[in-house]
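Shown here is one chain on its own, the form predicted on its own, set out as C-alpha cells.
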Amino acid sequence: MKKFWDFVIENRSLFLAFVFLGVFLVLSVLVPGFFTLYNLTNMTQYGVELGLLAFAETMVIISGGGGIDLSVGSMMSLVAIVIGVLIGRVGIPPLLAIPVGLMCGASMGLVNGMLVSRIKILPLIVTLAGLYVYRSLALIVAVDPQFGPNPMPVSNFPESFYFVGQYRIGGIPFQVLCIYLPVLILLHFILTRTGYGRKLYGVGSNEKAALFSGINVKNIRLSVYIMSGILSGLASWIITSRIASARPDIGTGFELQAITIAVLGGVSIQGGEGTVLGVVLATFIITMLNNGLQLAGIHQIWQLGALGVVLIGSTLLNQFLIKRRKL
C-alpha cells in the first residue's frame, strides 16, 4: 500500500486526478445544486477563461529566470475594452475588431518580453508594472466623452458576437470544444514533441547549459511572453462574448488564480518543469472549488483565503517532491 501511495505522490497528474475526484465527490454530496448538468456545463465556461490564463503562466514560468506574468489579468481587461470600443462605439465588424484585440494582447506580451529578455529587468518587476499600466490604459480607453470623464462599460454588441461565449454544441459550450481543447492539444504537442519545447525546458532548467548548447535564450523567453499576451487576448474575447459586456476591470484577480493553478499543476516556480495535463487537472480543481464555495453561500473573503491555502499547499508539495527526488 505504501508503494502505491508513493507512486501516486510521485506522479503529479495521478495525484491531481485523485484530488479532483475527492473534491468532486465532497461537493456533490454536501452542496445542493452542484451535481447538475446545468451547473457542470456552466462551470466549464468559466474554467475556459481561467484555463487559458493558466496556460499562459505555465509557458512563462517553465522558461525559468524567475519567469512569471502578473499582467495577464490587466492585458485581459485592455483587450476586452479595445474590442468593446471598436465594435460598440466605432462600429467596426467583430471579424476585424477581434484580430485587432488579439494583436493588442500580443503587443503587450512583446513589450513584457523585450524588457525581460533584452533589457534584463526582473520578470516580477516588469509584469507588476504591466499590471498597473495596462489596467490604467483600459480605464482610459473605456472613457466615453458622451458620459463625462468616467470609464464606461460597452454592451451594445451585434448578436453574432455572442456566438463564441454562449453557443453550445450538443450541450457542451462552444469555447470548450473549439478553443480550449485545440489550444490544450497544441501546447501539449509543442512541449512534448517539438524542438522548441525541448529548448524551453532546457532554458528553464539550466540557462548557462542552454547557452553553451547554442540555444537562443533571449528569443525563447521573448516568445513565451508573446504567447502569454495572445492567450490573455483569447480569454478576453471569450469572457466578453459570454457575459455580453466589455469592462475595464474584467480581468481583475485572474492573475493570482492563474498562477495558483500553474503551481498546483506541478509547474516548478524555478522553471524547467511542468506539464499541460497537470495544469488542466488543476484548472478543474480550482474551478470546482470556486463554484462549490459560491453555491454553498461562502463569502468571497473565505474563497480568497481558500485560494491562498491551496497556493501555499501546492508550493510545499512541490518542495517536498523536489527534496524527495534528491534523496
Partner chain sequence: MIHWETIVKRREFSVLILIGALVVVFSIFTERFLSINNISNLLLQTAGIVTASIGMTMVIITAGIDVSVGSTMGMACAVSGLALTAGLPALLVFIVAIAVGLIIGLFNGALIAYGEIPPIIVTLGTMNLVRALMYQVLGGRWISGIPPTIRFIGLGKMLGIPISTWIAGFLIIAFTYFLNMRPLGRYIYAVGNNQEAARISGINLKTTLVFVYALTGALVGFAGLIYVARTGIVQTNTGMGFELDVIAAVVLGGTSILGGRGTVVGSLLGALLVGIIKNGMILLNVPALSEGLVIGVLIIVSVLLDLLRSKR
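Under this definition, the rigid core comprises the largest set of C-alpha atoms superposing within 1.5 Å between the forms. No experiment lies behind these values; they were computed from the predicted model shown. Residue numbers count along the first chain shown, from 1.
The form predicted in complex with the partner chain exists for this protein as well; it is not shown, and the discussion that follows is about that form.
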Heavy atom within 4.5 Å of the partner chain in the predicted bound form - the one residue of I87, I179, L115, I226 that qualifies: L115
Partner-contacting position among G91, G214, P149, P158 - heavy atom within 4.5 Å of the partner chain in the predicted bound form: P149
Among 238-246, 181-189, 253-261, 204-212, the region lying within 4.5 Å of the partner chain in the predicted bound form by heavy atom distance: 253-261
The partner chain contact at Y38 in the predicted bound form, heavy atom, 4.5 Å: no
F163: touches the partner chain in the predicted bound form, heavy atom cutoff 4.5 angstroms: no
Interface membership of M103, the partner chain in the predicted bound form, 4.5 Å heavy atom rule: no
Partner contact for V309 in the predicted bound form: the partner chain, 4.5 angstroms, heavy atom: yes
4.5 Å heavy atom contact with the partner chain in the predicted bound form for all of I119, Q319 and K323: yes
Partner contacts in the predicted bound form for 122-146 (non-hydrogen atom within 4.5 angstroms of the partner chain): L122, L124, I125, V126, L128, A129, L131, Y132, V133, S136, L137, L139, I140, V143
Core-aligned C-alpha movement of V310 between this form and the one not shown, 2 Å or more: yes
Core-superposed comparison between this form and the one not shown, L277 Cα displacement 2 Å or beyond: no
